[in-house]
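A lone chain, given as structure tokens: the form predicted on its own.
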């Protein structure tokens, strides 16, 4: 199977370098945002090269220096960069063994390697990696067919290891993007309009003059307005005063119609989804009557609100405009795409823009990182020669970063006399997830950068079309893994919705799996079959069956303790990546509050490299999904976003973290399966199914707040 990274970067020197001091540099286009990809890649390289992990340096991704591996997203890192680094390290080892055999005048098969020392069993002569290759180019291509180590020979891969940089993070020595300090640096803040549709009419001249006299620089380009200065707190206060000096044309404001009504009634572009999750550019076949042989037919609609990324730290960006170009530091997940978009927006040659990934406020998806980098770049271009560090506020992060679209899912299923699914229909409705900045026709990259739309000469508005790739956007995991004889699947890209949307962890999979797995429970009840058996009756994939059995054998969802409920959820992410099954035990109190007690997460992600890192991905995915399901929703009115802080946008608290047990299925030698987003959808569904088990209330709209539970009880 071809590898995307190696296809674009076939030479070994683009991936591996041996330094004269014996350290080994590993380059990657994937960035570490807390998912421990750097640790996993270091383990893979160390294993193939027979050196300790502490001799590996995983180099931060920099445009023009690191391989361009696109965006760190979609649980692709291990399947792409992990495979590329493994092949590169194995090629490097083989290349150095061949050189050592020639240098030592021995047969290559007589050579062993330990800690970078190549030694002949026949002569006892030896040579070190750095003596052969130190600070030299390999000048060979990565061999995609090279032999890699068998799982039986692994001493590092699959073991336990502290993540890279952990000691520096714990001691406070680690430096995030927000901590950058360089000589002559200015702090900057953007003065945002009241809401998306507002535009700047004027700024009081006396107020701006007073700010300039106090040492502040003011940057204005149309409705883009910012202030910069040497003292960060003074800049924050200046931005507040500058906002008060502005007159805004707020227009009609944001549309306040019920979002779920809008999803159903607004103009939309619909596509049938066939061929294992691939939309087809043809008309949608109308929904037919249920099969005549059906003994029962059930219909249900499930809803998910807009979700914010809720990054614990707001976004930031650093930029410096020099005579030769633009230097940017960003915690973007796609620095190459961001480079092309910024170059396009500023009418610069792409080669003159250099972007270095620097860890910042982590997220999984398209949060404010790219926009903050562009904000800093705009200000830096207006103030050349001055390093600019720009930080968003908490209010900006909650109000201006892209959201995951609200979604509605309409399902209908029919059963035969044996309780098997005869006919399955699923339509999903939502806005686009595909608004990451990337260049394209009509300045498409510039149009997707937030501040670009407020400049004096804004690019044409970018309108995303239906995404037609396999399991992408709205239709990710729309196609269930279950063996149904007849499926009708439709994605509906809904137009004219009120909020700015883009990628957030799992894209449409969270909502689609929530709907599928809740509907499976509803069908199981109609069929008179317990929910675990009902799922297994529709699954022939042995790995799918194994994770369901692993989770439910540890937490039997059919026998909850008195006063509690248990539920299960399952999926294979994108029907291609990691498998996950989740069993949850919870309680619903007399105050209609959900208390999570236990959760068992079973996962199959192929060969395990970084065991603790993989477990952390499952654990973290569950907790984030629980927060989405039970607490989170973006709110707004005509005057703008109203969920602007942690009180108005609550998230799951530490007091409601359940006892977590994560079971990882061992698959030595089996290809990596991306695991970062596998557990989210099953978790949301398992919680909803457990609520039904505990209360008899079927909640089909998130979040499952006390108010939602009380309303459901009143309607029951």
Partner chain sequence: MDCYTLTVNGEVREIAGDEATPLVFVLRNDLDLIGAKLGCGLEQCGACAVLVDGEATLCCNRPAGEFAGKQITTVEALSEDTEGAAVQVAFIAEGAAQCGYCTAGLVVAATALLKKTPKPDRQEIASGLEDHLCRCGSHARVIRAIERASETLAHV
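Quick caveat, the model's predicted, so the values are computed rather than measured. Numbering follows the first chain given and starts at 1.
Omitted here: the form predicted in complex with the partner chain. The next part is about that form.
Engineer: Using a 4.5 Å heavy atom cut-off, which stretch among 570-578, 108-116, 232-240, 552-560 contacts the partner chain in the model of the complex?
Structural biologist: Of the options given, it is 232-240.
Engineer: Looking at 170, 287, 205, 591, which has any heavy atom no more than 4.5 Å from the partner chain in the model of the complex?
Structural biologist: Of the candidates 170, 287, 205, 591, 170 is the one lying within 4.5 Å of the partner chain in the model of the complex.
Engineer: Which residue among 179, 416, 303, 541 has a heavy atom within 4.5 angstroms of the partner chain in the model of the complex?
Structural biologist: Looking at the other structure, the residue within range turns out to be 179.
Engineer: Does the partner chain come within 4.5 Å of any heavy atom of residue 309 in the model of the complex?
Structural biologist: Flag for residue 309 set to yes.
Engineer: Looking at the partner-bound form in the model of the complex, is residue 647 within 4.5 Å of the partner chain by any heavy atom?
Structural biologist: Yes - in the model of the complex, heavy atoms of residue 647 and the partner chain come within 4.5 Å of each other.
Engineer: Could you confirm whether residue 624 comes within 4.5 Å of the partner chain in the model of the complex, counting heavy atoms only?
Structural biologist: Residue 624: yes, in contact with the partner chain in the model of the complex.
Engineer: State yes or no: in the model of the complex, is some non-hydrogen atom of residue 36 no more than 4.5 angstroms from a non-hydrogen atom of the partner chain?
Structural biologist: Residue-level check for residue 36: yes, a contact with the partner chain.
Engineer: From first to last in sequence, which residues of 639-659 have any non-hydrogen atom within 4.5 angstroms of the partner chain in the model of the complex?
Structural biologist: Counting only heavy atoms within 4.5 Å of the partner chain in the model of the complex, the contacting residues of 639-659 are 645, 646, 647, 649, 651, 652, 653, 654, 655, 657, 659.
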